[in-house]
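Presented below, as structure tokens, is a lone chain in the form predicted on its own.
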Amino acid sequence: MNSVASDAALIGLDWGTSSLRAFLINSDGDILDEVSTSQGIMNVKGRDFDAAFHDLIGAWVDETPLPVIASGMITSRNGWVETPYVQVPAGKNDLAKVLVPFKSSKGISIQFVTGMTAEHDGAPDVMRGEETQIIGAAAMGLGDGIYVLPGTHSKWLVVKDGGIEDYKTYMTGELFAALKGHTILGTLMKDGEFSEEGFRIGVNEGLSAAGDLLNTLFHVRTMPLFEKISAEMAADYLSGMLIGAEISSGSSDIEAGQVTIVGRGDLADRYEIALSVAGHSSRRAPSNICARGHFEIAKSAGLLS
């Protein structure tokens, strides 16, 4: 075993829909090594999660067994082992108490993290994987407040005392893709560089749309039709409108302080701009919060020697 692996205390798996990340973590919660692949649960050939798992982390456990903890969509009905949901409010100790144990075909012990559920107006909400990121972020000193995790299904979370007090899911990314690709709104759009001007115009419309969003969305067709915005701006105008509407709802619990953005790349940039347009300050969470969440939950569960 190499010297890096010999210092390891834990392996954490962030196994989502489209990607898989594995972290080799030491006894202080620091990342010693990291491997990332495109083998999310929808990309694993023949749904052979066992083989994908051993291929990924085999070198780390060849000589010395290590505890393994896994979170994300791998614990969903479409994943390897379906786990139940913990009702919010909940924190790392609640998750640690209900880890689901499993053994791989080679006898490696894996602890699967449950998802979390909330209920609003009699309807359930669910998440898998985001809870581990938030536990890590809180443990790294980002503290309580409002967190947003942009994505296909964006999450807005209220964090209190290091745990998740409540949250809501917004289908913003999926709705954008559907409207752009499968409705008349996309017919006047032309590809081009990111138009911050078009995006900001859309954000303002989304922020003020409220119950009129279904009407306001039709402006995505009429604005380029009457040349009030260019066809190259139209997609970003739609993006801004949807994100603005999301922020209008998701930020309704903000009283003071920053919104913490958990994400990377272009999408996180868009949320940063949109939050600024809405009058909210924001900050970015570091990229290693999921590994830290794995460490905190594992420590609470007594998995670390």
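Here the structure is a predicted model, which is why all the values come from computation and not from measurement. In this text, residue numbers run from 1 along the sequence as written.
The form predicted in complex with another copy of the chain exists for this protein as well; it is not shown, and the discussion that follows is about that form.
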The unique member of Ala245, Leu275, Val44, Ile261 whose heavy atoms fall within 4.5 Å of another copy of the chain in the predicted bound form: Ala245
If the cut-off is 4.5 angstroms on heavy atoms, which of these, Val100, Val158, Leu175, Leu142, is the one near another copy of the chain in the predicted bound form? Leu175
Just one stretch in 134-142, 102-110, 177-185, 158-166 has heavy atoms within 4.5 Å of another copy of the chain in the predicted bound form, so which one is it? 177-185
Using a 4.5 Å heavy atom cut-off, state whether Ala235 contacts another copy of the chain in the predicted bound form. no
Look up in the predicted bound form whether Glu197 has a non-hydrogen atom within 4.5 angstroms of another copy of the chain, and give yes or no. no
Quick one: does Val81 come within 4.5 Å of another copy of the chain in the predicted bound form, counting heavy atoms only? no
Is Asp94 a contact residue for another copy of the chain in the predicted bound form, using a 4.5 Å heavy atom cut-off? no
Heavy atom within 4.5 Å of another copy of the chain in the predicted bound form: which residues of 213-234 meet that condition, in order? Leu213, Leu214, Asn215, Leu217, Phe218, His219, Thr222, Met223, Leu225, Phe226, Lys228
